[in-house]
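As a starting point, one isolated chain is supplied in structure tokens, in the form predicted alone.
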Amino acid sequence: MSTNINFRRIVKLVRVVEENPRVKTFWFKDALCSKAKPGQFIMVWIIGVDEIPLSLSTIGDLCSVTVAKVGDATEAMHRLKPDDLIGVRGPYGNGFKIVKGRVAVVAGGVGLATLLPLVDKLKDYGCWIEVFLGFRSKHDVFQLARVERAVRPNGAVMIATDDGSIGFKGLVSELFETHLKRSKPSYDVVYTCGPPAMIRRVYELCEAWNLKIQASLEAYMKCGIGICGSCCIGPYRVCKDGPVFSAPQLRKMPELGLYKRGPDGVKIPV
């Protein structure tokens, strides 16, 4: 087997788990992916359809990607069953830097998938972990038990839903802001992933409270290796310079959370 991460490997799906009506997790074996760092992503080829970037939601002997059904490629992927084949390249990107101490993890929707391997690793390092999860409703919650296991015995999991069907009613960024004002916690770092507007607000809160941040960003990608430039945000390429960015880098992205780029590179209001 090739050890070149740019070489596309064909892997068989071991199992497929429906997390909720919009989200599924796809499990497979791949030697290179098993050595990935939390926060890294792979390019997944849905054979005959398209190739898309997906963060690894589990890293180990069995790896996984967790996918929301949002377009043609992801709809096609949701039709796949165990023993079906996909192509994978990578892992790519810089991943999260582990900071020991008291940490906050702020996840919006399927952005939680990117943060799951990080939460597992933070537990291994003995971190005090407080996790803030945002979903549309209680029916969209996934992998909650895994997160709760990781934060025991000292941490906490707080949930926000748009409709208030479970936990705090409102956005997860609003829940995080409320917690900051009420408890005035001193975090060594805040990790976040989710919709761009959510990340922008969490970043603004971290700036206001003088907290360090590591944010995993998403962007449209064609190559995944820094050549095409389709994933540029400010002066950075999400695939090559990210996908995880720190506060000094985020300060150079005035369009973060306001615009995204489509397949033609044109900016689209978020």
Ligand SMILES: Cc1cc2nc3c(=O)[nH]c(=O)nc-3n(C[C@H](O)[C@H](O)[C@H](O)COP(=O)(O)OP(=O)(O)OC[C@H]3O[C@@H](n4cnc5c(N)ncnc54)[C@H](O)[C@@H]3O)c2cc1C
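In this text, residue numbers run from 1 along the sequence as written. Model, not experiment: these values are computed from the prediction.
Note that the form predicted together with the ligand isn't included here; everything after this is about it.
Enquirer: Can residue 41 be called a contact residue for the ligand in the predicted complex at 4.5 Å between heavy atoms?
Expert: Close contact exists here: in the predicted complex, residue 41 approaches the ligand to within 4.5 Å, heavy atoms only.
Enquirer: How about residue 157: is it within 4.5 Å of the ligand in the predicted complex, going by heavy atoms?
Expert: Close contact is absent here: in the predicted complex, residue 157 is far from the ligand, nothing within 4.5 Å, heavy atoms only.
Enquirer: State yes or no: in the predicted complex, is some non-hydrogen atom of residue 83 no more than 4.5 angstroms from a non-hydrogen atom of the ligand?
Expert: Contact with the ligand, no.
Enquirer: Going by a heavy atom distance of 4.5 Å, is residue 124 a contact of the ligand in the predicted complex?
Expert: Contact check for residue 124: no, nothing within 4.5 Å of the ligand in the predicted complex.
Enquirer: Using a 4.5 Å cut on heavy atoms, which of 59, 32, 213, 217 is close to the ligand in the predicted complex?
Expert: Result of the distance check: 217.
Enquirer: Of these, 73, 180, 171, 141, which has a heavy atom no more than 4.5 Å from the ligand in the predicted complex?
Expert: Result of the distance check: 73.
Enquirer: Counting only non-hydrogen atoms, choose the one of 182-190, 108-116, 145-153, 129-137 that falls within 4.5 Å of the ligand in the predicted complex.
Expert: Only one stretch passes the 4.5 Å heavy-atom test: 108-116.
Enquirer: Heavy atoms within 4.5 Å of the ligand in the predicted complex is the criterion; list the residues of 40-65 that meet it.
Expert: Result: 41, 50, 51, 52, 53, 54, 55.
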